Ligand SMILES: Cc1cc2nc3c(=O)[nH]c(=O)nc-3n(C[C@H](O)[C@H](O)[C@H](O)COP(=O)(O)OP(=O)(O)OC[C@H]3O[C@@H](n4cnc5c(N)ncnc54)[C@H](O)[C@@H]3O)c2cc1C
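Before any questions on how it binds or moves, here is one chain, the form predicted on its own, in structure tokens.
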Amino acid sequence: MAPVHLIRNLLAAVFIYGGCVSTDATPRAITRDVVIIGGGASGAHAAVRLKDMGQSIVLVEKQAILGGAVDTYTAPLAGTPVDYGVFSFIDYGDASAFLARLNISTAPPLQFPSATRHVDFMTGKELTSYVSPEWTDVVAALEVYLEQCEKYEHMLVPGLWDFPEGADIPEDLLMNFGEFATKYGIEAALPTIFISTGLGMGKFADELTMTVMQTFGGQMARALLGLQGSFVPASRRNQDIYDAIAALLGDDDVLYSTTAVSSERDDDGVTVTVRNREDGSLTTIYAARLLIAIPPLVDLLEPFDLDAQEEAVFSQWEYTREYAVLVRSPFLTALNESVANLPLAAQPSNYLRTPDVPFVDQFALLGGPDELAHPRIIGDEALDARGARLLLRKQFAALVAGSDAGTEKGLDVVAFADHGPMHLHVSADSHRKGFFKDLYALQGRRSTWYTGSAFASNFQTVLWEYNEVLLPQMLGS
């Protein structure tokens, strides 16, 4: 008897070439070598590279554009792009070559001034005695941190294939980061680590050191120390990278505004049914392999009929939520300086103290005639978009109430991006029990493969390099 997926593929060909009209009752059908779920950094890059490798693909993306957390806003008065999701790209692996084949020229990223005022956004009180570390001390601390990161970098990036188990895991990696920072005397680097990418962890001093290293690792430390390059498109519009990917893939290989609704997966291949949210149309995709490039959380993977083994692994994740925002306010314009959120207990130089979750990190003034400011909102798993908007206004109101700068208190939100679940991580106990071994054992199971930050690190170019290892493994399986 012919394998069930061969029969499905033959039926799909009848649908495709027989001119059937797509309706909810008779969804259109397509056949590909690989179906990819999620068109963020990992999924979009994987789509290009799989086509390079001779595979037919279809990329399913819930938004109307590719790029995920790469958020670009065009300031109406200045007429210039403002990147408020991803600020820059670390020059890692084959990133430069990938951009060259997209015909994207690059430039060094712009540097924005640091906040010169620190306020407790819970109370509105200014930290008048807070003293930021001297840059020479920051550099010295980053050098020590980098030395430690480089001991373990091969375990963490671009993937976690070589991460040890049980007693073989280095003690430092399972230490709370606050204890690690004190042990190595790197407290002066903590404000820099936090305000750049570390804040995504929430209260990062309480998280495992290995989790922080995945969020702010050796590549970030080298970039800040001038030892590793970083870049943006010369257009200063990061979305250009993913628009170029979209143009390269073409309309036939990307299903925009579309999400999966059901699937069947086994060792012979996969069948995925997806729905377009704009017109409600259904498409059934028959493929030899499924590549999941969205966060591997049980609720998000509900359409993929997880079995007990998959659910046992994915249910261990903990994560934060992050929202990137652009705002405008006469109050912030009158203040005329960026203001960062710190608890009063951070005075005078307790750099381990950071805001309690959830929090708004800062109002960073971006300058220009549009008078924009950029806050980020960090919360736990329960902070939805509505709650994030309410928190933004609450902490802004506290800032205004505690200041004598200006009388206009309005806050206009001009751009708001939900980055969804971020920085997936597990407990030290899960690591000791071999979590990553169990996680990676799911690769290829039921014709399903996984890419994304949960399997690597939350940096665009590191994710691209992870794909360079994963995709040949997938095709050679």
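What you see is a predicted model, and the numbers here were worked out from it, not measured in a lab. Counting begins at 1, following the sequence as shown.
Not on display, but discussed next: the form predicted in complex with this ligand.
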inquiry  = So this ligand isn't shown here. In the model of the complex, which residue out of His419, His425, Arg49, Arg446 has a non-hydrogen atom within 4.5 Å of it?
reply    = His419
key: Sole residue of Asn176, Thr271, Ser88, Ser338 within 4.5 Å of this ligand in the model of the complex, by heavy atom   = Ser88
query = Looking at 354-362, 107-115, 256-264, 203-211, which one sits within 4.5 Å of this ligand in the model of the complex if you count heavy atoms only?
reply = 256-264
ask   = With a 4.5 Å heavy atom cut-off, would you call Phe459 a contact of this ligand in the model of the complex?
value = yes
request  = Spell out, yes or no, whether the shortest heavy atom distance between Leu439 and this ligand in the model of the complex is within 4.5 Å.
outcome  = no
message = At 4.5 Å between heavy atoms, is Ile57 in contact with this ligand in the model of the complex?
response = no
key: Leu411: touches this ligand in the model of the complex, heavy atom cutoff 4.5 angstroms   = no
ask   = Who in 150-171 is close to this ligand in the model of the complex, meaning a heavy atom within 4.5 Å?
value = none
